[in-house]
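Before any questions on binding or motion, here is one chain by itself as C-alpha cells, the form predicted on its own.
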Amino acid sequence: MQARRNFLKRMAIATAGFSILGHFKANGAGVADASHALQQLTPEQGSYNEDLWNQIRLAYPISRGVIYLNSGGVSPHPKVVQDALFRYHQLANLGPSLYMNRHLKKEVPPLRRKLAALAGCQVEELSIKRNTTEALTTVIMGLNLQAGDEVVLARQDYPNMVHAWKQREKRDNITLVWVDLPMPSDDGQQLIEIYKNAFTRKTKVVHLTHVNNWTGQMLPVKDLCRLAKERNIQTVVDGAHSFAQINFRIDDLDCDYFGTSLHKWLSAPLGTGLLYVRKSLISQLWPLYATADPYSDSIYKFEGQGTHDLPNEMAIGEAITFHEMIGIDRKEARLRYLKKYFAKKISSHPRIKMLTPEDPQFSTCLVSFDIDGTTNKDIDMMVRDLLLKYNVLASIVNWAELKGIRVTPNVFTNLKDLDQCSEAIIELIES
C-alpha cells in the first residue's frame, strides 16, 4: 500500500504539467500564414520545415510540461475546435429543449454533408456516432448471421471488436475463424493470402483493421475488399487509425461497412465518430438501439440512442475546417516524416525490435517497438517511468502476444519532442 501511495504521489507531481493554470499556452497567430506557406511547397518539402510546423503547433493549447505522444488514443483539439465546442454548449444551455432541439438541429444536415465529403461517401450512408467501438458494434450486432456462418478476423484486431464478435459467437453460434498476422510485414501478397486461405463457402463476413492500433501495420484493404466481394463476403473495416491520417476515401475501399473515431487523427471533440453503411445494405442491418422500423433503409435508424450531444457533434465542423486548412497530403507527409525520423533514432539500438513496418505502403505514423529481455511488467514500468521521470506520455502494447511501447506523434509534435523521447527510452533501457 505504501508503494502504491508513493507511486500515486509521483504521478500527481509528473502530471502537474496538465494543470490549466500557468501551464497551458494557446496562440493561434500565424497558423493560417503557415498553412498558406505550406501550400507553396510540395508535401515532401513541407514535411521537414520545422518553422512552419511550429506555427501549426501553436494552434493546440497543449501542456508544454508534457510531451504528448498518444494521439493514437485521443488527440487534443486545436483551439478553434475548443472555442466552437464552448460556444455550442453555451447556446444549448440557454434553453436545451429550445436551442439544441430547434436551432442546433438545423445545422446538422450541413455538417453531415461536410463530413460525407471528407469521408468519401453519400450523406445517406453516414451516421454520426461516438467512437469506432459504437460504430462497429452496431454492425457486428446488427448483421443477419445464422448458426454455422463463418466470420474471418485477426487475433491482432482491436479488443472491443474481438469481444463483440465473441459475444455474437456465444449468442448465435456463429463460427469465428482466426488468422494470425505477421507483424511487421512489408509483403502485401502474403497478407492477402492469409485472409484468402481462411475463406470458405461458409464465410459471410471478414473483419479488417485498416491500420492496426498496436503496431501501425497497414493492410491492403482495397485488395482484400475486392477479393471478398468476388466471393460474396461482406466487409467490415475498422478505420480508427487511418481516417484523417492518410489520404483515402471510403468509396475507394469499396467496403460494406466502415467505422472510425474522429477524436483521434481529425482532432475532433472527445466522443465523436462515424459509421458508414453501404446504401443497399442499410435495410438489412439491425439498429443497435430499437427503432419503430428496424427494416428501414434510412441511415438515421442507427441514431436512436436518445438525446445526442449536439454541441459535441457540431464542433466536428471546425475540426474538419482545421484539417482541410492543413491539407491531408501535407498532413500525411508530415506524420510520415516524424515516424521515419523517430524510428531511425531508436531502431539502431541492439535491444530494440521494431514492430512497425518500414515500408510506407504498409505503415503510417504509429511507431511501436519491443525491447529484448523485457516482460510485459517491465514494459509497463518503462512507460510509467517515461511519464514520471521524463514527462513523456506514450502507451503500452499488450495484446495477442504483441508486447512493447507505442509512440504516436501528431502535427503539433516537433523534432525536439522526438529527440527527448528517444533519449529517454535509451536511458531507461541502459539504466
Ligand SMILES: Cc1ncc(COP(=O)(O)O)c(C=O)c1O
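So that there is no doubt, residue numbering starts at 1 and follows the sequence shown. These numbers come from a predicted model, not from an experiment.
We do not show the form predicted in complex with the ligand, though everything after this point is about it.
Q: Sort through Arg278, His323, Arg330, His263 and report the residue having a heavy atom within 4.5 Å of the ligand in the model of the complex.
A: Answer to the contact question: His263.
Q: Can you work out which of Tyr158, Phe243, Tyr88, Phe342 has a heavy atom no more than 4.5 Å from the ligand in the model of the complex?
A: Only one option qualifies, and that one is Tyr158.
Q: Indicate whether Gly216 is a 4.5 Å heavy atom neighbour of the ligand in the model of the complex.
A: Residue-level check for Gly216: no, no contact with the ligand.
Q: In the model of the complex, does Asn312 have a heavy atom within 4.5 Å of the ligand?
A: Result no; Asn312 lies far from the ligand in the model of the complex.
Q: I'd like to know whether Thr203 contacts the ligand in the model of the complex, with contact meaning heavy atoms within 4.5 angstroms.
A: No.
Q: Can Thr138 be called a contact residue for the ligand in the model of the complex at 4.5 Å between heavy atoms?
A: Contact with the ligand, no.
Q: Select, from the options 285-293, 99-107, 130-138, 188-196, the stretch whose residues sit within 4.5 angstroms of the ligand in the model of the complex by heavy atom distance.
A: Only one stretch qualifies here: 130-138.
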